[in-house]
Every structure is written in structure tokens, then in C-alpha cells.
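Shown next are two forms of a single protein chain, provided one at a time as C-alpha cells under the names structure 1 and structure 2.
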Structure 1
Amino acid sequence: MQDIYLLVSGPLAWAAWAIFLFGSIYKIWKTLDTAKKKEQVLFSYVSLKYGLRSIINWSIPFNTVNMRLNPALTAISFFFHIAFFVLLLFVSAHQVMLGEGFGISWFTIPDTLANILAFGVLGACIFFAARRLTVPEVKYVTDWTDFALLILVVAPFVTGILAYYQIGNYMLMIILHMLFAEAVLVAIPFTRLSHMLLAPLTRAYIGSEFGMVRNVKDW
């Protein structure tokens, strides 16, 4: 089991980060290249001013009409994304890994807060799954891959909680926790999880079009 742990925390972790990094660069380049080929004037009216204005306004909770029309979804979505990155970057156990792998460290959050956020993420994922099953317009565009991605995303949190409370075999839970986290990293550039890479580009494009061409707000 120790040898598997060293493999997962060493070579597999570095491989996952490498695939994520180079895959993300390729995904962004490919998206921009495809968009340029389909619409030759795409970059002629992209504006830093209006692009940033759109990104900032869509990053503020309940700042857009669409967000205010769906308050529960807005609140849970913002919580999920914030909690995801807080847990990724500021949990003490993750800090140890970052220190060993990259030689960097910063402050950490208390374990109690980390537990609250982790269980909150589980609740958010249950909400997302229920929404895909019950909201007609969402259910219509949902297939098995959406649930597979949701399971993949929630798996590191489930195994992390089980490891923290030492439910089951501790070393096995740690190994699974790292494996699922690495799988998420690898999946980001090649699945719909790539929205985390492309969302700023999309917002900048839409914001520029609305601001420069239509002279209206996009929020």
C-alpha cells in the first residue's frame, strides 16, 4: 500500500499536473483558433475595457438579471465554486503536498471550517443532481456524462471526508482521494469542466460585443 501511495503522490501527480497544464493550453488555443476560422472579424472588436467589465459584473453574486431570477442556483453555485478552491488551496493537508511538490506554502483554514465547506460541497452536488432530474429545461439537455462528471467532481470530497474521519481503511481513502483529484485535473481540459478555462474568454467576447457593437450591458 505504501508503494501505491508513493506512486500516486509522486509520478502520477506530476503526470496529472502536466496533462492539465498542457491540455489547458491546447484547449484555449484550439478554441480561439476555431473561433477565428469561423468568424474572421472575431478579434477586431474584442475590447479589454468591455471584456473586463463583463467578467467583473458576472463575478459578483446576484449582480445580473439571470442570477436574480434563479436565486437558489446562484447562491449554491457561488458557494460551490468558492468552497472548491478554498478547500483546494487552503486545507492544511494540501499545503503539505504543495510544500513537498512545489516548495510553496501560505496560511491554512481551520479543520472545522474545512469540514463545513466539504459537507457543503456535497450538498451542492446533490442539489445540482436533483436539478438535472427535476427541472424540465435542464433535464432535456442532460445525459449520463453530466452525472459521471458530477460523480467525478464529488469523489475527492467524499474520500477526503472519509479519510479525515478515518472511516474505512485510512491509507486506501487517501490514495483514492488523490487518484480522484488527479482524475479531475486530467478531465478539466477535455470535458465540460473546461468551462473553468473558457468562461473568462466567453464573457470577454460577449461583453465586448454588447458594449462595443450594441452599446448595452450584458448583465
Structure 2
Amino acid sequence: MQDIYLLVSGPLAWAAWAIFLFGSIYKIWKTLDTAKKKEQVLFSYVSLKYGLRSIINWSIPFNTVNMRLNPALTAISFFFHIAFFVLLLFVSAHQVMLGEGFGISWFTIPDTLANILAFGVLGACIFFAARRLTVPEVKYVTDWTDFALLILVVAPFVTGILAYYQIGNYMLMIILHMLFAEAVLVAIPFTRLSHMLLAPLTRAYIGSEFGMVRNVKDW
């Protein structure tokens, strides 16, 4: 088990981060490059000012009309995305590993808070799944890939919680936790999780069109 643990926490982690990083750079580069080759005209409608204006306004909870129209979803979505990154970056166990590997560390959150966030993320994913199953307009455009992505994203949190509480086979859980997290990283550039990379681009573009050409808010 030690070998597998060391493999997953060492080389596989390196590989996952590398694929994520280079994959993400490639994805963004490819998108911009294709735009340059096939739709160069789009660039003349991109404005830093209005692009940022749109991104900022859509980053503030309850700032847009549609966010206020769906308060529960807005709250849960914002929580989910914030908790995702807070847990990734500030959980003490992650920091210990960072410290051991690179000798660096920063601010950590107490495990109690991490627990609350992790259970919150679990709840959020259950909410997303329930929404996909019950809300007609969401159900209609949902296929198996949506659930696959949701399961992929929730898996590191489920196994993380099980490992934290040492329920079941601890070593299996901690290894699965790391494997799933690595799978999420690898999936980001190559699945619809790439909205993490592309949403700022689509947002900036439409924000520019609305702000610069059409003189109107896009939120």
C-alpha cells in the first residue's frame, strides 16, 4: 500500500498537475488561435474595460437579474465554487504535503471549517443532481455526461470525508481521494469542466459586445 500511496501522491500528482497546466494553456491557446485564424474579426470587438466590467459584475453574488431570480441556486453555486478552491488550497493536510514536497505553505483553515465546507460541497452536488433530475428545463438538456462530470467532481470530496473520518479502509480511501482529485484536474481542460478556462473568454467577449457596441449592460 505504501508503494501505491507514494505513486499516487508523487508521480501521478505531478503528472495530473502537468496535464492540467499544459492542457489548460493549450486549451486557451487553441481557442484564441482558432479565433485568430477563423474569426479574427472577433478581436476587434474585445475591450478590456467592458470585458472586465462584465466579468466583475458576474462575479458578485446576487448582482445580476438572473442570480436574484434563482436565489437558492445562486447561493449554492457560489458556495460550491468558492468552497472547491478554498478546500483545495487551504486544507491543512494539503498544506502539509505541499510543505513536505516544496517547503512552502501558506494560510490554512481549521479542520472543523474544512469539514463544514466539504459536507457543504457534498450537499451542493446533491442539489445539482436533484436539479438535473427534477427541474424540467434542466432535465431536458441533461445527459449521462452531466452526471458523470458531477460524480467525478464530487468523488474527491466523498473520499476525502471518508478518509478524514477514517471510515472504511483508510488507505484505500486516501488513495482514491488523490486519484479522483487527479482525475478532476486532468478532466478540466478536456471536458465541459473547461468552463473554468473558457467562461472568462466568452464572458469578456459578450461583455465587450454589449458594453462597447451596444452600450448596454449584460447582466
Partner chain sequence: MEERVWIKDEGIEAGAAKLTPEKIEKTINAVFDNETGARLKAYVETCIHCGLCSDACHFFLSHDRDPRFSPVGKVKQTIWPMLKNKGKVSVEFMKQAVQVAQTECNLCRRCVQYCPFGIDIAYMMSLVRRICHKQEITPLYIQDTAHSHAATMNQMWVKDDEWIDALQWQEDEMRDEFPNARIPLEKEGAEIMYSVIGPEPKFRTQLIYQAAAIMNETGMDWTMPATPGWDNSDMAMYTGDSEMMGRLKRMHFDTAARLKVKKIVMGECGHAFRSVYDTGNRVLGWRMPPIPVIHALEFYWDLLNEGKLKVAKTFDEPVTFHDPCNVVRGRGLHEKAREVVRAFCPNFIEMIPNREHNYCCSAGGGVINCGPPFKNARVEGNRVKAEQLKATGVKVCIAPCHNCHGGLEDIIHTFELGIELKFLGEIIYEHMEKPNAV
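Just so we're on the same page, residue numbers count up from 1 along structure 1's sequence. Throughout, rigid core stands for the largest set of C-alpha atoms superposing within 1.5 Å between the two forms. The structure presented is a predicted model; accordingly, all values stated were derived computationally and were not measured.
- Looking at both structures, it is structure 2 that matches the form predicted in complex with the partner chain.
- Put the two forms on the same core and the Cα of residue 166 is off by less than 2 Å between structure 1 and structure 2.
- The rigid-core alignment places the CA of residue 34 2 Å or more apart between structure 1 and structure 2.
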